[in-house]
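Single chain ahead, written as structure tokens, the form predicted alone.
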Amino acid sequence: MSEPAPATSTNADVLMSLNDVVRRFGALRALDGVTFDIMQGEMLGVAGPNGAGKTTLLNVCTGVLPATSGHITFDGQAIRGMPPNQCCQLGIARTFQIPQIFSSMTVRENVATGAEFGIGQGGGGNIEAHVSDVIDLVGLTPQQSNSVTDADLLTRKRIMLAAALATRPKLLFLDEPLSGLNADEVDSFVALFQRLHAALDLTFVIVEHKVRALADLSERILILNFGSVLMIDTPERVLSDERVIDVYLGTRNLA
């Protein structure tokens, strides 16, 4: 059940707003008073040490987990406690670190399933054309009739991305989309995200450990640490901040 909305922001550019969001697992506060805004049309990066709360944040923002307390609004509407299907129908989609696709289906059937989940079978007579457009956008048209059983990791990630885009989201959360890819595949996916951002009226939130790629993609980066927001600013300021270097980057070469 969603909570009453707090006083709404006067900033029309805010798409999603989190205010003092807490998520507990027993005595553990996986999210501890998280407050920030996601701006319409931006590419926001999210990074931090293992266990910082990054995936929990995505789960709470997409309805997979309810927040224990606090307020979450999307497009001016209170959404805390809404299940994933309702969040999706409002325009919130996500991908997962390990591709979640239907191996018994073809590429096209996977993307069409995403469209049906987000838009519904009564979404209009242009659904088939919409699915074709999405498949073309992510570069899967030559493979659309193929079974996904033997698809490689990069292809499986493209299929999952296409299925998420087929829901017609306003806001897309990506959970470590570059995980497991080699350098050339990372460059290919970064270019794909940049093309999608330029072509679509879409806001991205990208959780990623490959910090160089994240900096190339993001207008701002949010650093989580122990479930709290350590910093949110431009990539240049975040990656040169002594607190971020101390708790996250350390002396490692940036990936």
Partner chain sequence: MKDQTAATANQMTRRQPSAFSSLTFWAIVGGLAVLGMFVDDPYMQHVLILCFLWAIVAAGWDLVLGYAGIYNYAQLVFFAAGAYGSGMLAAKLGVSPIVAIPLGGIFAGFMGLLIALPCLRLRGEYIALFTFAVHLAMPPLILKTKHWGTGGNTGLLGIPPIDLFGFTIGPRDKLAWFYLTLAVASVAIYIIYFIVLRRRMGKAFVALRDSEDFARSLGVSDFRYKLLAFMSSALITGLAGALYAHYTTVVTPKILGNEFFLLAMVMLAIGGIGRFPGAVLGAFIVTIANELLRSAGNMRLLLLGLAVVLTVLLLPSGIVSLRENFQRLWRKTRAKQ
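Residue numbers count along the first chain shown, from 1. Since this is a predicted model, take the numbers as computed values, not measurements.
One more form of this protein should be noted, the form predicted in complex with the partner chain, which is absent from this view; the next part is about it.
This chain is drawn without the partner chain; in the predicted bound form, the residue among 179, 132, 126, 100 with a heavy atom within 4.5 Å of it is 100. Interface residue among 75, 136, 116, 185 relative to the partner chain in the predicted bound form, by the heavy atom within 4.5 Å criterion: 116. Here the marked residues 171, 194 and 203 all miss the partner chain in the predicted bound form; none has a heavy atom within 4.5 angstroms. Mapping the unseen interface onto this chain, residue 94 counts among the residues with a heavy atom inside 4.5 Å of the partner chain in the predicted bound form. Contact check for residue 164: a non-hydrogen atom falls within 4.5 Å of the partner chain in the predicted bound form. Contact between residue 106 and the partner chain in the predicted bound form is found at the 4.5 Å heavy atom cutoff. In the predicted bound form, the partner chain sits within 4.5 Å of a heavy atom of residue 88.
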